[in-house]
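As structure tokens, one chain now follows by itself in the form predicted alone.
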């Protein structure tokens, strides 16, 4: 009988072959420079001290040439440092933790749904099926106005929710950082669906008596990815305003946006969205580099709004009965996948090591020139980042990104646990996830974090942060009383 060849995959450890390839490519310059430096050193040793001294004496230096050379060096260095973008630091951040009185267990949510939609049992059953598969836990919270039967989404109640969430987050941040209201130079508030007059940013200015020359902005209608849009805006402003602090507030006010109709596509947000908010302090001051938690490395924004399907896949509208709600299209995950593909195509060259970029390039050339059916190479983003904060928009969003980016369960743990404990808190969910990683004591100096968010329009935005210092396990924050219980097992279906 012919000898059976051994399995190559098991006999040769392909994992170590790939690690060797990555090390070789990522350090190719070092490997090239070492022989050159050794050659120069050997040549110097061969010449001897007398010949080196003779060679030095043979050189003639003209004073004008030396001065011109020094002037050129100083000029180039000055131009470089003046044109170099300012470093943007994340000094600290704070997440709002709702009180237990706002908690909405599954039983409470379903009981309210049955009472509110008593004439439409099919819609109640639909909400129950969504909730069973949502990945949410029993401790998520809704604002007080939604606890009434029927809900009372008044302007006063909405303002009350906004004040509690935003002011609590800011107070906690100021206590952490020691910053005073008069120190704030830039204020940015993003809230997609609640946009009163005066604006939420004006509400903050009034509460904390901020300076009259503060640069304030209020972003609305930009969906769950608006938090990273606010970070991008703050970065741009800090580039042109030296020695400044920027306060960014990310939240979504639930009270006025609870859908009371029976359209299935518009009932989904009721099941997923919950209370939450975050306050973030950014700085371009050099003295903050030591105490800041993170340094902003990249922000990449992708907008697919030119496509009609993408534009309408998350759409606020009235149902046939005239009740306003958010319609989530069935094509949402497909559109999100396309937006993500465009986003990682842009961010990949900025963050991926040379080894991954070469493999991607070789595969692309092979598909173009030899065989279009070749499987496209998915870059290993685990080579570029230690931590991933994927917008906790829903279980399907996290599952899809974990599959497409080939991430482990630990890489998406922060996103799944945030969804379970706090629900979809819209643009602020990324900061609850970052807080989870810190609460677990996993954030070390030099670690890189990738925040990915999706939003209506349709948008996919990314931010890359580098940890400035090893972060001690915090004694406060939204995970303070429950981090020891996490991670928890989340079944595919929770029978209600």
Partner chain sequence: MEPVMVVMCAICLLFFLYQLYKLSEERRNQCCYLVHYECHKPSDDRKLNTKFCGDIIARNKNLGRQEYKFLLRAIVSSGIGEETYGPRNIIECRENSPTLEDGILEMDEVLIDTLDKLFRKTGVSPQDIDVLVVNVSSFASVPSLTSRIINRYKMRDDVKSFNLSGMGCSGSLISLSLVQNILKSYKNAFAVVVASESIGPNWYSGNDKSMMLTNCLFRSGGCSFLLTNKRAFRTRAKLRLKCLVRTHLGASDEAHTCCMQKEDDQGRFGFYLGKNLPKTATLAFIKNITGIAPKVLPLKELIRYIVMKYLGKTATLNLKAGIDHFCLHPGGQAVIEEIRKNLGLSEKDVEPSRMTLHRFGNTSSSSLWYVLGYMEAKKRLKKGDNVWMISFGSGFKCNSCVWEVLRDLEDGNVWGDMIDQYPPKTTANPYMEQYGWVNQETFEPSAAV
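Positions refer to the first chain, counted from 1. In this text the structure is predicted, and so the values were computed from the model without any measurement.
Quick note: we don't show the form predicted together with its partner chain, though the next part is all about it.
Comment: 68-76 is the region of 68-76, 91-99, 142-150, 403-411 lying near its partner chain in the predicted complex, near meaning a non-hydrogen atom within 4.5 Å. Taken together, 283, 477 and 484 are entirely out of contact with its partner chain in the predicted complex: none brings a heavy atom within 4.5 Å. Using a 4.5 Å cutoff between non-hydrogen atoms, residue 324 counts as a contact of its partner chain in the predicted complex. At the 4.5 Å threshold, heavy atoms of residue 193 reach its partner chain in the predicted complex.
Its partner chain is not drawn, but in the predicted complex it has no heavy atom within 4.5 Å of residue 125. Contact between residue 217 and its partner chain in the predicted complex is found at the 4.5 Å heavy atom cutoff. Exactly one listed residue, out of 288, 380, 183, 232, brings a non-hydrogen atom to within 4.5 Å of its partner chain in the predicted complex: 232.
Screening 396, 365, 155, 358 for any heavy atom within 4.5 Å of its partner chain in the predicted complex leaves a single hit, 155. Annotation for 441-469: interface residues with its partner chain in the predicted complex are 456, 457, 459 [heavy atom within 4.5 Å].
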